[in-house]
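The data below hold one chain only, encoded as structure tokens and taken in the form predicted alone.
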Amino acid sequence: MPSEPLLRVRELHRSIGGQKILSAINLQIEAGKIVAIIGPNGAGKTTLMECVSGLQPHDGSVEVEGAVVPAGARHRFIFYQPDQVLPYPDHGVYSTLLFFQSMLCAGADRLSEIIDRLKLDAVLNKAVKELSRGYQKRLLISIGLLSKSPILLLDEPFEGLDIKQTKEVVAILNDEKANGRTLVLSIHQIADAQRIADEFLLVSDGKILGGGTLEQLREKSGLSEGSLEDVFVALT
């Protein structure tokens, strides 16, 4: 008998001011996977992540290991790190990290490891608002890594990073997966998604066009071969 997926979303809908943002979202994600949510700007990727994590009201249910989890309790299972939302911009980078370390009950060794792997040593004494786009992104990722939630949602984790930095972050996220964590990444660039994800969710106009591995999506789109971009174009 197949095991229950770690995360399941059933018939999720979200409307704002009478406008439908998400329609009939159904998905399931197995434990220990890296799943990329792919779609153009305005497709509903960020709204979907905010609804799943409990930050936005919605119709439909979010389940973890088969149990419906109310919005107010999802922080125990799901940590969502948004893009371009800088915490405490006037504070120093290190004091900000210490705050989140304490709030998320992470150990000192874990913080040191994250600082080292994301190469934040050079900017620890800078104010958060003084950071370059790349360092801002690394700071946001570090906060997500400090959390202990088994499901980590990251919005655009590679935005603002150069090729070398992207490869480094890919390695870090793959290590998180190897340690049993499940990651859901909202990604605009399809090449970045193919570089890291085990499975993909293709989103357009607030609807899921398809989900699964590249091979499964090729089959759904009627293509015998082709890249993820080819599949996305065929499905849209």
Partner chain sequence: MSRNDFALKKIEALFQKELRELVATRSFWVMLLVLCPLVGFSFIEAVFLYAHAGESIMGNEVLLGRLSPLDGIVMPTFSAMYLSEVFLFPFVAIRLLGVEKQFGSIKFLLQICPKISVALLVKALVALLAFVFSLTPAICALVIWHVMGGYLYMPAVYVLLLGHFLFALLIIAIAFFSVSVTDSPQTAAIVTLAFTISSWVLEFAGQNQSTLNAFSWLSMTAHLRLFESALFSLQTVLGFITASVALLGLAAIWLHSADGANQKLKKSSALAILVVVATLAISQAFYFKDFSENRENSFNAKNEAELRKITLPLKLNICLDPNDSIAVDFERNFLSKLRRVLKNVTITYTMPKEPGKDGQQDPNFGQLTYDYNGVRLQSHDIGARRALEVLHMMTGTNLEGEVDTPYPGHPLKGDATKYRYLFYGLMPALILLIWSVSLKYLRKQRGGVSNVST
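On a predicted model such as this, the values are computed, not experimentally measured, just so you know. Numbering follows the first chain given and starts at 1.
One more form of this protein exists, namely the form predicted together with its partner chain; it is left out here, but the text below deals with it.
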Any idea which of 184-192, 28-36, 170-178, 50-58 reaches within 4.5 Å of its partner chain in the predicted complex, heavy atoms considered? 50-58
Can you confirm whether Ser204, Gly212 and Leu223, the three residues that make up this candidate site, all sit within 4.5 Å of its partner chain in the predicted complex, judged by heavy atoms? no
Contact of Thr166 with its partner chain in the predicted complex (heavy atom, 4.5 Å): no
Proximity of Pro82 to its partner chain in the predicted complex, heavy atoms at 4.5 Å: yes
Leu161: touches its partner chain in the predicted complex, heavy atom cutoff 4.5 angstroms: no
Using a 4.5 angstroms cut-off on non-hydrogen atoms, would Phe100 count as touching its partner chain in the predicted complex? yes
Checked 75-91 against its partner chain in the predicted complex; residues with a heavy atom within 4.5 Å, sequence order, are His75, Ile78, Phe79, Tyr80, Gln81, Pro82, Val85, Leu86, Pro87, Tyr88, Pro89, Asp90, His91
